[in-house]
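First, one chain by itself in structure tokens, the form predicted on its own.
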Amino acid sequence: MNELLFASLILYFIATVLQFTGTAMKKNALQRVARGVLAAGFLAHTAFTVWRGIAAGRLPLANQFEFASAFAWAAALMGFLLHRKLGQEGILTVGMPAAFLILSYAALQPREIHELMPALRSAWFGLHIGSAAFSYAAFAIAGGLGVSYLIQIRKGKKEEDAAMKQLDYMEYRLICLGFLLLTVVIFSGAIWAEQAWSSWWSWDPKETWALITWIFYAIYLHQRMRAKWHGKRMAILAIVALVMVLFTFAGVNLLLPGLHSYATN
């Protein structure tokens, strides 16, 4: 099982290097090879995830390592599917390093398999945590596109260019998807909390930061509807929002223990 995990990590790294090199040198052949390597890494990652789920006898989403692995898997899948649908190399240029970096973080976490805590034994388990993994993946790629947008501006690209408008729109659509999924996370978590702890909301640090993140993305979407709020402004907001997502994902577990502290196990 560990061999599959580290094979995935290495393949994601190779794919990232090839994609960056192909993009910088404008070599389509290298980008095609990068996609093939990404697919191989994703298959290895999928095999690892299935194997771990079978070994644990449950969905492999119960602790910080498993969630981080699922987060990376979702980023790789989302990047690959969006590229197939839209044909935009920029999505893979940010999706590949996102998958690699998140899985690198996962590899540093304890990987022991534990039984589910009583609070986690619920029908809401898969929906709540699975939605969070895909929500974070959408936000990660959107934030990466925001970084790419700012880099293109520094290179002299104009915000009125068709390619820049498309980059801005992809960022927006990914945030719409992530926001929808985060809404599912918060509502399903509230129902689950009422069943597990007899309280819809307890202001646990993880709950609180998830709500803060949700509000910030709601502000992003509200501002997006205003005439002058697009392009560079929205790219900056997407990056700031991603920092909040990453703090909710990892920082809260390290700095603000609470009812969700089991996620550090």
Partner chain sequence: MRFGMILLAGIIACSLAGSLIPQGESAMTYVQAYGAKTAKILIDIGFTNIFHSWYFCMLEILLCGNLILCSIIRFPKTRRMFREMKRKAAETETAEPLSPGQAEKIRQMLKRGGFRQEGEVWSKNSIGAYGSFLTHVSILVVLGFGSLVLMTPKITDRTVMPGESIRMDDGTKVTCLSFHIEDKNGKLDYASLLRAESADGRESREQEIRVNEPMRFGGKKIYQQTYGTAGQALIHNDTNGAEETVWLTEPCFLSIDSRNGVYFQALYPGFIQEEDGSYTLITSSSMGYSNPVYSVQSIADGASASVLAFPGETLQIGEVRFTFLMPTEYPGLRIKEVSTALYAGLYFGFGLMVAALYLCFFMAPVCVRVNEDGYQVHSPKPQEGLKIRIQTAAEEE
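On a predicted model such as this, the values are computed, not experimentally measured, just so you know. Positions refer to the first chain, counted from 1.
Omitted here: the form predicted in complex with the partner chain. The next part is about that form.
- The partner chain is not shown here, and in the predicted bound form it never comes within 4.5 Å of any heavy atom of residue 110.
- The shortest heavy atom separation between residue 26 and the partner chain in the predicted bound form exceeds 4.5 Å.
- Taking non-hydrogen atoms only, residue 55 never approaches the partner chain to within 4.5 angstroms in the predicted bound form.
- The shortest heavy atom separation between residue 67 and the partner chain in the predicted bound form exceeds 4.5 Å.
- Of the candidate stretches 143 to 151, 97 to 105, 71 to 79, 184 to 192, only 184 to 192 contains residues with a heavy atom within 4.5 Å of the partner chain in the predicted bound form.
- Along 165 to 197, a non-hydrogen atom within 4.5 Å of the partner chain in the predicted bound form is carried by 165, 166, 169, 172, 173, 176, 177, 179, 180, 183, 184, 187, 190, 191, 192, 194, 195, 196, 197, in order along the sequence.
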